[in-house]
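Read the single chain below, which is given as structure tokens and is the form predicted alone.
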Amino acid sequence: MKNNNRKHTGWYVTFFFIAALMAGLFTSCEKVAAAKENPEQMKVFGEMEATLTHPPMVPRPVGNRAPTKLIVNMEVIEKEMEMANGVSYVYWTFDGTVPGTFIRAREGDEIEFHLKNHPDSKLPHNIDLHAVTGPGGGAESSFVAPGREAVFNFKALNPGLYVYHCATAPVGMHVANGMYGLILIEPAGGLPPVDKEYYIMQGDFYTEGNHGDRGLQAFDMQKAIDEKPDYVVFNGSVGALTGDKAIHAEVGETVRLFVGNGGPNLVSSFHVIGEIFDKVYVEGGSQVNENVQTTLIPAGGSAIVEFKVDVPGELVLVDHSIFRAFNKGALGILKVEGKENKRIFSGKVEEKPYNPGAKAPIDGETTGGAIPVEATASTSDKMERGKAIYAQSCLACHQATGSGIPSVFPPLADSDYLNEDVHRAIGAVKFGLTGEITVNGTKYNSVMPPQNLTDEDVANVMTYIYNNWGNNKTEVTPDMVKEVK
């Protein structure tokens, strides 16, 4: 009996030891989970320097790493750069670009921020990060004169996509000169993986000269106060996301855009022509909306948009306050390459005459063999048809007078580019045109998508253009259009 009791006693001791061990383990797991939910309780492991990237690129995702001490080094640089073709401006920048470099961190990170003001700067500057919980978002602690460096610390408590900007008086002027950017605080565990990520930020600019006036332009305070910008652009300048600077994706890939609005004044109606946002992280926060066409981004705000690209082509990024896109510069291109999917998008499959005033044939009645309209159309008929096509397809970019938009879209009026080579001009209409061209001595670097017109309509619209605005009166025929391959 004694031996039996000893066996039972030993078994009970072992059982209670294992139970206590499991309870301790469970409590430990609860503490870890609680720490993940409350970044203030998170232990910081190690130290690393943040990788900062210039737009439109972003640093690698944070992933599932633990919170760390993150060292951020950023420099204020005042520098002259191109705002539009032939137009320059003295920007005030974070790290030499507008917007400034992209900062990527994780909730729970302890961030040691070093703000350096280049010795050649003329003014003191600072930084207000909307991701900071503390006075001025760090502005008071980071105020720094030229040739000096300021250091402050903060803990990233809330996940989200946040704007940073200069907050030195006059604040509006510093922001209007380009001093803004984005800082992403990823949640614990990171964001879901995607194939491509890009960084885009809108801003409105106010110059003493009018839109397109050449040379070095100064900031115009009165225009800024009146909220009447000469330029509204993505990533600091007209054409920053077009031509060879366009962003890219492949059919079937998922794309995530980190979109900010530096302002200083205008609200952005961000839209991608030819896409629907599968997900929108509203105002850069945790709430997710789905199947969105256009999302509002306030001045000093942001949004994260995600979508899958299903068909090839050039998707146009715009502020859908549409004159800003086609007349002031808020336009970019996402080039999608890959296999077509006609079930999703066919392109034009047919075009035929439409005449609502014509008498419909009675059953059994023949028209006697209709002659194609184009075969008998007079030059004036072709001009009338060409004028209608121009108004529908060309006018927004090239204007009613063929003058184009200075620094953005070239003129068609008295155009040496058109008059020197009609076949080259036909090719631009049929197949589109990307990259730098020179028209009447001025360089343009924009994107013209293919127009998806029939050969007859290409001939009509080009005949209209060639016979207007001082051009050489060429009459383009469908056969000429067919020859261009």
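Just so we're on the same page, rigid core means the largest C-alpha set that superposes within 1.5 Å between forms. Quick note: we count residues from 1 along the sequence shown, nothing fancier. Computed from a predicted model, the values in this text were never measured in an experiment.
Quick note: we don't show the form predicted together with a small molecule, though the next part is all about it.
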Inset, instruction - Have a look at Phe409, Phe152, Tyr91, Tyr198 for me and say which one sits with a heavy atom within 4.5 Å of the small molecule in the predicted complex. - result: Phe409
Legend entry - Contact segment among 315-323, 388-396, 121-129, 94-102, judged by heavy atoms lying within 4.5 Å of the small molecule in the predicted complex: 388-396
Legend entry - Heavy atom of Val58 within 4.5 Å of the small molecule in the predicted complex: no
Inset, instruction - Indicate whether Val476 is a 4.5 Å heavy atom neighbour of the small molecule in the predicted complex. - result: no
Inset, instruction - With heavy atoms only and a cut-off of 4.5 Å, decide whether Thr68 touches the small molecule in the predicted complex. - result: no
Legend entry - Touches the small molecule in the predicted complex: Pro449 (any heavy atom, 4.5 Å): yes
Legend entry - Contact check for Ser415, Leu433 and Ile437 against the small molecule in the predicted complex, heavy atom at 4.5 Å: yes
Legend entry - Core superposition between this form and the one not shown, C-alpha change of Ser393 at least 2 Å: yes
Inset, instruction - Could you tell me whether Phe323 and Pro449 have their C-alpha atoms closer or farther apart in the predicted complex than in the shown form, knowing the shift is 3 angstroms or more? - result: closer
